[in-house]
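So this first bit is one chain, no partners, the form predicted alone, shown in structure tokens.
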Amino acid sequence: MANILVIGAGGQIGTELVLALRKKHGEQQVVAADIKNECPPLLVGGPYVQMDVLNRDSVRNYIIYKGFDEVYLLAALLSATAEKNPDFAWKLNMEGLFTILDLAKEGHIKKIFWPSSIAVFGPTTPADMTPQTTVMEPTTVYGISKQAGERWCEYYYNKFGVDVRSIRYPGLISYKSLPGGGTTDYAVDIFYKAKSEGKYTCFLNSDTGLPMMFMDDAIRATIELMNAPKNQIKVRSSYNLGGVSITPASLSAEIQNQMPSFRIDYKPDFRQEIADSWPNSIDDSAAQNDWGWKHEYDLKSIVKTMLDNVFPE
């Protein structure tokens, strides 16, 4: 039976990943861990442990005692939040990764998932259909930490045989858990404001294109990657993952198609500069070819699902 640990389980990705893994493997086989003292309400029913990923000794002792088959390390400070506290962002995003990589090197973990992001790219990266291998000159502390993490994951695989796998997530859209301070968060916030107020003020310009993905696709991709045979994983830094290229204008237009009274205006803030450094669209052919990846949700189905489930009637 699987023995799985998800660190950062209370976040936007972690909450839904734990639910999906428990559905697949059984509630008692997936331990949710987060810095919060109390288990997030959606995860009550399975095992939960309070864990500070920066407490290296505590994390090591727990994982060595339990001997996990798989560890999903999701604890991180995201792009917009990280810019406000760069020293702590670097510390959190990097030290936790080293702790888990070292445990796997020592044989205490069989397989690791660690998420990267489109934030690894920068203004010198080709913006349209960004290739798997390309120029990466990130301009945010989040992007710098993710780029460094990719290099370390690849290093631990090449030098020590650590089976670590990764995805460069695009912006993620979900109704089950709120986002945690990313530049793409507008694509979730907009639905809550649409349903509660009928209008939204966007912190990005109307024509800012960014790759986005519905959370169900992202969770499925994560599990499919982890389930793929080891010899099919050709990329040990992080796989590009594409979804749908969305602008605030195209997203609001589709919301208006399904909710004609909705209105939007624009007041860009510091997050505009971050978004301008990221790709418009992603080439994920490496993931398609290596482990059969294909996204399912398009813009219309994303909008319908969100409007149906955010503050349901």
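Start at 1 with the first residue shown and count on from there. Keep in mind that this is a model prediction, so the values were computed, not measured.
There is also a form predicted in complex with a small molecule; it is not shown, and the following applies to it.
Although the partner is absent here, Tyr169 is a contact residue: one of its heavy atoms lies within 4.5 angstroms of the small molecule in the predicted complex. Taking the partner from elsewhere, Pro138 is found to have every heavy atom lying beyond 4.5 Å of the small molecule in the predicted complex. In the predicted complex, the small molecule stays beyond 4.5 Å of every heavy atom belonging to Ala194.
Contact annotation for Ala89: none of its heavy atoms lies within 4.5 Å of the small molecule in the predicted complex. Remark: of stretches 151-159, 214-222, 238-246, 74-82, the one touching the small molecule in the predicted complex is 74-82 (heavy atom within 4.5 Å).
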